[in-house]
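Only one chain is given next, in structure tokens, and it is the form predicted alone.
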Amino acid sequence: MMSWLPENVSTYGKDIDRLFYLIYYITGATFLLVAVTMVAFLILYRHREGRPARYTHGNTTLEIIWTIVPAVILVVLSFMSQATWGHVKGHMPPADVHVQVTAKQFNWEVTYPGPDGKLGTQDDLEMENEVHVPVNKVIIVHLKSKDVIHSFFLPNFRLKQDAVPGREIQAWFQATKPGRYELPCAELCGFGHSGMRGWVYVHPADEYDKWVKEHWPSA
């Protein structure tokens, strides 16, 4: 199936895309049905000389139908999306790599734990707007914000999570394809919002090991 969404390179992206297109087709069909009905009514019940206007209080049966049908659709969609939501947001798999991303005006401050594997110690490495991760590994992102609400958005990974001052929020992804992928802010956070742009570099295993050794020779 052709997609106008960014290329999916995460393990759970296909499940999110499936729900997105299902909702898209349902709402699209509903829009067309309503639009065609409105045009038909404009033509059928247009003003005509000699035909008086007639008041109608409505049709109870139709009102019940167009109330129940959307309710049923919403309930079914809720049950269908519950498993995906639980997998992406409610379940945190064991991490292969931890990285801390702190959003501020107007850039991403990325902190990597050093050889001790702990964040907040002297061997941490800090970079600006660059997230380096290995392919096919579970990445846990410890998300923070220094000033205002930002939104950590990885379109290719189907991951979007707000960063809120005073809180640490965890999110995760597992990349399936090496490459460089955009990291924008999806929250209108001020005059520098459009320039708040970073990159996620997904490395093959050997390249990631090389990158680690370049930054931590003792690792």
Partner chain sequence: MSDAMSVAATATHVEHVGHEKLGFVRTYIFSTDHKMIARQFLFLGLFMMILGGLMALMIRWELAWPETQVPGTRWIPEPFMTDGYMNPSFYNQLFTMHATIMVFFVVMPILVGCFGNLLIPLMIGARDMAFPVLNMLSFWVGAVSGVVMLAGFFVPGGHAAGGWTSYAPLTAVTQYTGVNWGQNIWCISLIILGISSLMGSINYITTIVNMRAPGMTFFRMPLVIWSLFIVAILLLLALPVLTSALAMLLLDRMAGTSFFLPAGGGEPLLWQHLFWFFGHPEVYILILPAMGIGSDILAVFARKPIFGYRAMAFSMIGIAFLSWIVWGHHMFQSGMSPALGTGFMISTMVIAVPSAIKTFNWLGTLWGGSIRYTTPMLNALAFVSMFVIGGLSGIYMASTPVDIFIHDTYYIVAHIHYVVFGGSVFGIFAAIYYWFPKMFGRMMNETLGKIHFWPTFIAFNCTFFPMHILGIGGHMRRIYNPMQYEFLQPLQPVNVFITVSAIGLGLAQIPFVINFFWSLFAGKKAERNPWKANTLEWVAPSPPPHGNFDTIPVVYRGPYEYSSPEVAEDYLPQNRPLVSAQVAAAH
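Since this is a predicted model, take the numbers as computed values, not measurements. If you superpose the two forms and keep the largest set of C-alpha atoms that fall within 1.5 Å, you have the rigid core. Residue numbers count along the first chain shown, from 1.
Keep in mind that the form predicted together with its partner chain is missing from the display, and what follows is about it.
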query = Can any non-hydrogen atom of T176 be found within 4.5 angstroms of its partner chain in the model of the complex?
reply = no
task = Would you please decide whether E128 lies within 4.5 angstroms of its partner chain in the model of the complex, comparing each non-hydrogen atom pair?
result = no
query = Heavy atom to heavy atom, is M196 within 4.5 Å of its partner chain in the model of the complex?
reply = yes
query = Applying a 4.5 Å heavy atom distance criterion, does C189 contact its partner chain in the model of the complex?
reply = yes
remark   = Only one of 95-103, 145-153, 113-121, 131-139 has residues with a heavy atom within 4.5 Å of its partner chain in the model of the complex, and that stretch is 145-153
ask   = What residues of 55-69, in sequence order, lie within 4.5 Å of its partner chain in the model of the complex by heavy atom?
value = Y55, T56, H57, G58, N59, L62, E63, W66, T67
T30 C-alpha moves between this form and the one not shown by 2 Å or more, core aligned = yes
inquiry  = If the two forms are fitted on the core, does I149 show a Cα displacement reaching 2 angstroms between this form and the one not shown?
reply    = no
task = With both forms fitted on the core, give yes or no for whether the Cα of V72 moves by 2 angstroms or more between this form and the one not shown.
result = yes
